[in-house]
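There is one chain below, alone, in structure tokens, taken in the form predicted on its own.
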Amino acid sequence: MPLMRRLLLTLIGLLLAGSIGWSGLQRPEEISILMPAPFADATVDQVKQFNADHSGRIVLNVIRGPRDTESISDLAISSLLLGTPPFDALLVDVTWLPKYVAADWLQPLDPWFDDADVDALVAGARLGNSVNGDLYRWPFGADVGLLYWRKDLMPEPPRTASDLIQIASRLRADGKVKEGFVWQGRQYEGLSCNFVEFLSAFGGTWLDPVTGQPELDSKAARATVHWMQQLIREGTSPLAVSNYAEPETLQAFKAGDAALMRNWPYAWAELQSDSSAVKGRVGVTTMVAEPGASPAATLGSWGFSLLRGSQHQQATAEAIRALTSSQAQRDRFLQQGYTPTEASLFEDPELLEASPVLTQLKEALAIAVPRPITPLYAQMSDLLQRQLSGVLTEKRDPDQAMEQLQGATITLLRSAGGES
């Protein structure tokens, strides 16, 4: 063999060997997403599938955080304040977004999600994802407050706040149920969510949508808090609701002890289980509203946000798309009851057969309203919860409580330069 040919073959062999050796040294990108425990558990199979589909290129790890909202928020903020969080993205509650954006912790998702993606979302799922026109969050699931009612005890649900008390009182007086209406009255974020819906029932709003001025001492706000106190004072709701969160509320309704319940969509699957005393006897609608007012469903929901400091933004965006794909949403709805975000899935025959309540969920999402969109929301909510808790345990006069709350909220906004 001529010398030049042997040298050429030798060189080609060395190049091929080097290429093979280099590819063997390449490691896949490792990315991490922090999620509250229930969502981490709900995505186990989808994470496995993503890693199988991206074998050798991307490895997705889910950091399983605490279960409750306050604890996971504390963990996320503590990590972010340190400057080098051990994750590339996190699942954020809808109320966190303005604060996280103001702190410059998040990277806009616009390069990976376009207008067509947004247009494919169901109405309520389009809310709470953007700040100042930039997309910072992609919804994991749609979530709104709902009114559950016993179809075996009433031909139709109550339509007004007055009707609710009247119907519940009659059922209690007739011995049909122990409790009339159960809801979340504990001093925590769930109480603020209930307040948003109750306030809308009386035609009020937490902040004026135009001026941003608090309206917590308005006629509507005062009427709302008097009604909340009346529910307990007159026995429509048990005193225990002042310490109820979602699990306690669901337990009472699931056991057949109550005629009406305010809760989130996840409760539906529990109420249809074999352990439910009301299986097949539950209807779903939106919260009542007095004449002239519009019913509202508090926007809940969690969504994925990409951290600005992530070194793996493209890979992380791919993971977010996979975990929120149409198929992923279908699987989570059928297996765990998480409400989808894609509008077309609300018309899916298989999903409708599994849960006819999808129709009511879509109607509720059409009237979903967010809590105040401000970086100061956590502080505002804490002020509200403290005053409402005092009212519900009858330690505070409703009018005095709302007057003090109005002043405290204005002071808070002024201290941050948001209100003059």
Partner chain sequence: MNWLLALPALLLIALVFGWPMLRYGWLSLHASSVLTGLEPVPNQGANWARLLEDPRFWQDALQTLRFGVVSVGLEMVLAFAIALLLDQRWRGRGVVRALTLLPWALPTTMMALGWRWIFNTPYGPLEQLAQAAGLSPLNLLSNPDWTWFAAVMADVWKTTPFVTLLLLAGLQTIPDDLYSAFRLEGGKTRQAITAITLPLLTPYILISLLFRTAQAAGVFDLIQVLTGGGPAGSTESIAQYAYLNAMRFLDFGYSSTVMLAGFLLLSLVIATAALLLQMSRLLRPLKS
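Just so you know, these numbers come straight off a predicted model, no measurement behind them. Numbering follows the first chain given and starts at 1.
There is another form of this protein, the form predicted together with its partner chain, and it is not shown here; the text below is about that form.
Check, residue by residue, if A40, T205 and P295 all come within 4.5 Å of its partner chain in the model of the complex, counting heavy atoms only.
Zero of three within 4.5 Å in the model of the complex.
Counting only non-hydrogen atoms and a 4.5 angstroms cut-off, does E363 reach its partner chain in the model of the complex?
Because no heavy atom of E363 falls inside 4.5 Å of its partner chain in the model of the complex, the answer is no.
Can you check whether A343 is within 4.5 Å of its partner chain in the model of the complex, heavy atom basis?
Flag for A343 set to no.
Can you work out whether P375 and its partner chain are in contact in the model of the complex, taking contact to mean some heavy atom pair no more than 4.5 Å apart?
Judged by the heavy-atom cut-off of 4.5 Å, P375 is in contact with its partner chain in the model of the complex.
Residue-level question: is S389 within 4.5 Å of its partner chain in the model of the complex, judged on heavy atoms?
Contact check for S389: yes, within 4.5 Å of its partner chain in the model of the complex.
Since the chain is shown here on its own, which stretch among 234-242, 151-159, 281-289, 213-221 would lie within 4.5 Å of its partner chain in the model of the complex, judged by heavy atoms?
That would be 234-242.
Report the residue, out of F333, W105, W268, W138, that has at least one non-hydrogen atom within 4.5 angstroms of its partner chain in the model of the complex.
Of the candidates F333, W105, W268, W138, W105 is the one lying within 4.5 Å of its partner chain in the model of the complex.
With its partner chain left out of view, choose which of N51, S355, N61, Q379 has a non-hydrogen atom within 4.5 angstroms of it in the model of the complex.
Result of the distance check: Q379.
Can you name the residues of 179-197 that have a heavy atom within 4.5 Å of its partner chain in the model of the complex?
Sequence-ordered list: R186, Q187.
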